[in-house]
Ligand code: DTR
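The chain below stands alone and is given in structure tokens; this is the form predicted alone.
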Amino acid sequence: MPAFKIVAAGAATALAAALLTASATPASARPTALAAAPDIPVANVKAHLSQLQSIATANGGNRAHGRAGYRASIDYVKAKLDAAGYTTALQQFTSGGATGWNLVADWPGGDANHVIMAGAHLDSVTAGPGINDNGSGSAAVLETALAVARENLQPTKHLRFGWWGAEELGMVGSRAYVNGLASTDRAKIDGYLNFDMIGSPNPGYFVYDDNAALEKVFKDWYAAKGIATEIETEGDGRSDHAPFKSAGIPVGGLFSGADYTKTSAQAQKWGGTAGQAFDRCYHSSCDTTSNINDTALDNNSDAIANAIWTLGTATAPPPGTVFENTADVSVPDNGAAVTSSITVSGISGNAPAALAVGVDIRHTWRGDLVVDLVAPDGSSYRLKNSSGSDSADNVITTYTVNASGEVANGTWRLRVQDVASQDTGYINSWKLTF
């Protein structure tokens, strides 16, 4: 896995607070676990890592794209899933003149219009066996999938797991998978969870902040265990959730750190060694089974299972579900535009042709205001123009927008700008009805 950008502790707290304040999820759409997730035995996860190590050792010391070690790795995972009752499929692609494969496994049952997906890249770099990067994520996702089978979980949503090839060459496999999906099939994925390096030897506990609802599932679990987390943001989109996010699919995930240096504050919070990389063997030959922190691997594996059980047994929001943000946002007088965000998840397909946008803006001269709805892909829909003759105060109304060309799930924004002087106001609340 290429390196991530990490937000420091103070900035992480502020960023998480801002995101959770700016996003909204309706009560009817919040995940409600119907069955508690089982403990994922770390010994089972480590057994998979031992197998991946043996495969690398027998195949030139790595499991890289286009090499025999990669194909043997994917055959190992597929055999486990086939024996457990999954429907598996290999997707072939070509990169750098070499053939690569993705493996996708579907658990029978669940609403096919609401898919929860978890994945990890299975390839290593050529320099080493890639046991932390990313045998750790691959093994934890595999063992979680096998736990689903052992428990005979009957999810309300459809469960799908993926193992990606050629991530180390730029998310080639995951991009091929996402690009190969029809737009209607993309819209059925309520969330994709990515796990890339979760057993780093000098670990941190980082949670993706790309989607507030998915982030909350992980942060709540760690908080209940008394484990502090920090926000991990990927500034350059360099892991397998990036193609999903670019396609408008909500994403989340976990990360235990790569070649960045652990700070003193982080060492005090998590233990380990300050001034040393989270993973000193990142992209190196020493990324072997000795390069794993068992505690981090255990905690993160259990967190993955909890997310699958929580999200997979959640009730999909019914038609007419309202997503609302009630946080106040000041609108500066004759200033720059401001936005308020709502994260929509669990809605199948595209937004309706008559999307109801309820707006409550308190302002002393509403004629100053320009108001737009911005879709997850950045498309803008004008709700209100400014007008010098519109002398009343406040904008409290419901607009109807034909948003049928937009995927429903994702982050929608209300953008408001005051284009004249002398009057002020704020966004009091707004809502979307699907």
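Numbers follow the displayed sequence, beginning with 1. Not measured: the values here are computed from a predicted model.
Beyond what is shown, the protein has a form predicted in complex with the ligand; the following relates to that form.
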{"item": "Every residue of 86, 163 and 190 near the ligand in the model of the complex, heavy atom within 4.5 Å", "value": "no"}
{"item": "Stretch in contact, per heavy atom within 4.5 angstroms of the ligand in the model of the complex, of 360 to 368, 324 to 332, 277 to 285, 149 to 157", "value": "277 to 285"}
{"item": "Proximity of residue 244 to the ligand in the model of the complex, heavy atoms at 4.5 Å", "value": "no"}
{"item": "Exercise: residue 211 in contact with the ligand in the model of the complex, heavy atom 4.5 Å", "value": "no"}
{"item": "Partner contact for residue 186 in the model of the complex: the ligand, 4.5 angstroms, heavy atom", "value": "no"}
{"item": "4.5 Å heavy atom contact, residue 197 to the ligand in the model of the complex", "value": "yes"}
{"item": "Candidate from 230, 143, 168, 215 lying within 4.5 Å of the ligand in the model of the complex - any heavy atom", "value": "168"}
{"item": "Candidate from 80, 238, 269, 71 lying within 4.5 Å of the ligand in the model of the complex - any heavy atom", "value": "238"}
{"item": "The ligand in the model of the complex - contacting residues of 77 to 104, heavy atom within 4.5 Å", "value": "none"}
